[in-house]
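What follows is a single chain, given as structure tokens, in the form predicted on its own.
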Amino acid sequence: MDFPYYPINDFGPAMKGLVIGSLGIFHVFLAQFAIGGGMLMCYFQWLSQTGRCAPARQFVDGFFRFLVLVSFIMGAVTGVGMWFTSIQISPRTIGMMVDEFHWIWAVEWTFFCLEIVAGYCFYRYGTRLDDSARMTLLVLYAVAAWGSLFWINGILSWQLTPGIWLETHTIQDGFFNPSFWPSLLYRTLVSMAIAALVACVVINVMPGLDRPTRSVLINHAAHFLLPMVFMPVLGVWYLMSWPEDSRAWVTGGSPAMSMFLAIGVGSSLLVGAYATIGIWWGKLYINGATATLLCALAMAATAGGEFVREGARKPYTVREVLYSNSILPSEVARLRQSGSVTNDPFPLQNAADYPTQQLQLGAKVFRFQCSICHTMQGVNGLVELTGHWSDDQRRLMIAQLQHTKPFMPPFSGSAVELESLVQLIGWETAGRPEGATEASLDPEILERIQTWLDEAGTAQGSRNPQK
């Protein structure tokens, strides 16, 4: 196989997956704001041209400048950053997504371009246009922004729930996968809610508006928060569309995943309750500080939800097709025989720091198979996770990894590579002692490791081995 990564940057001490995950969460929040913002602008333009809200036009012009500034500049920067980091960290995943859905990507980019053109035209000429032309541009912008979500949603949801695409490999089966519709509808409501909350912040800082006018605008913006009452139903529908094991991880099987799910659900409930009972029903005035706090809660909900969606795919980046370390399930058996880094053409960074060839081999194995989700001594570090184990415990646990920890892929290297990784962890745990000498490989130890590898097999483990 072509070696499926480019070790340009190890992003230490941060975990690679954490880097791209954090950037992704920020980008998703901005993108959903842009999508909901387009719909909100159409609504306020309609209020203005039908005479239902006199200051609506002033708000549209002020809010749209903020929307363009945030979504065009920060969205573009984070979007490029996503591609840049993805290509470094997991090029095989990105390559597979583009290979399977290149025409979908092309359509999505067409909608994105239309969004940019319509947005820029409104930004540049909106104040000079009549109501009809303004509405046309805003509808174009909103449709293009939501259309971009429609197309990208199919690709992202395919990663977790490829469904019958695993058998047919047709674009339509992959695109309209089991979680497509609940994901699309849920994200649409999230986009509307984020846009309404940001609007409340902007209304509070817009110059020239007295308090009664701000109150009227906020109450109109709050209408975009009301659909949040459907979120619990859509959330359950979305969760039920997941594979059983993925669902089990987030509903108690993994404390970390369950905690992030609770953060997402709890933050959404707080925002929804305040919006429905306080702003819409009670007609409460929401000041800038409160609006900002609600936006922060919405950001927390987005972060929790995206973390759970990403984590639920483990140990895959594309379920049942590609492991998170960019190894295909069909390649595991061969790599067990040939060695996973035998053909690795990339030298180690700071190779001189590793005093023996065995430690250098262990470092290459770590870089290839572990570094996407672990660091050695940083976030999710192997030293912290396994440093207190004996060498034999490490050998057994790593050899049978997919069974002892079913959210991790099977070890895909030879017994010699596994032993090198064990020795590397021990050397790092001991504080990189000087004077390390080349270790002789004990045939008895290698035979024991091979027996454990054979017992584990090459197939992915199951949370419930009886099924």
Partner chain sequence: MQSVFPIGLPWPTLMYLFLYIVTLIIHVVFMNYVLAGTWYLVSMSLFERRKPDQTPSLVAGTLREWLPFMLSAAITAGIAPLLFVQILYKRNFYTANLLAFHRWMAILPVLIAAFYLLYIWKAKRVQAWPRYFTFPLGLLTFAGFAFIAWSWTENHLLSINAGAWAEHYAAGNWMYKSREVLPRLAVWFAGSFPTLALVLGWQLWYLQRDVPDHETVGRHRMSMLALAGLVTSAVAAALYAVAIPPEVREAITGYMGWPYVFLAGSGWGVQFASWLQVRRSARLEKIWLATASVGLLMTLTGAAMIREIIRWFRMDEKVLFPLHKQAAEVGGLSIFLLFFVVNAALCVYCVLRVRRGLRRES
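Predicted model only: the values in this text are computed from it and were never measured. Residue numbers count along the first chain shown, from 1.
Although not depicted, the form predicted together with its partner chain is the subject of the following passage.
- In the predicted bound form, at least one heavy atom of V70 sits within 4.5 Å of its partner chain.
- At a distance threshold of 4.5 angstroms between non-hydrogen atoms, W280 is out of contact with its partner chain in the predicted bound form.
- In the predicted bound form, its partner chain sits beyond 4.5 Å of every heavy atom of N153.
- Although the partner is absent here, T375 sits far enough away that none of its heavy atoms falls within 4.5 Å of its partner chain in the predicted bound form.
- Considering its partner chain in the predicted bound form, the lone stretch of 251 to 259, 123 to 131, 290 to 298, 209 to 217 in range is 123 to 131 [heavy atom distance within 4.5 Å].
- Here is the short version: of A312, L137, A199, M192, the single residue with a heavy atom within 4.5 Å of its partner chain in the predicted bound form is L137.
- Among the residues G387, G266, P91, P355, the one placing a heavy atom within 4.5 Å of its partner chain in the predicted bound form is P91.
- Contact annotation for 252 to 289: no residue has a non-hydrogen atom within 4.5 angstroms of its partner chain in the predicted bound form.
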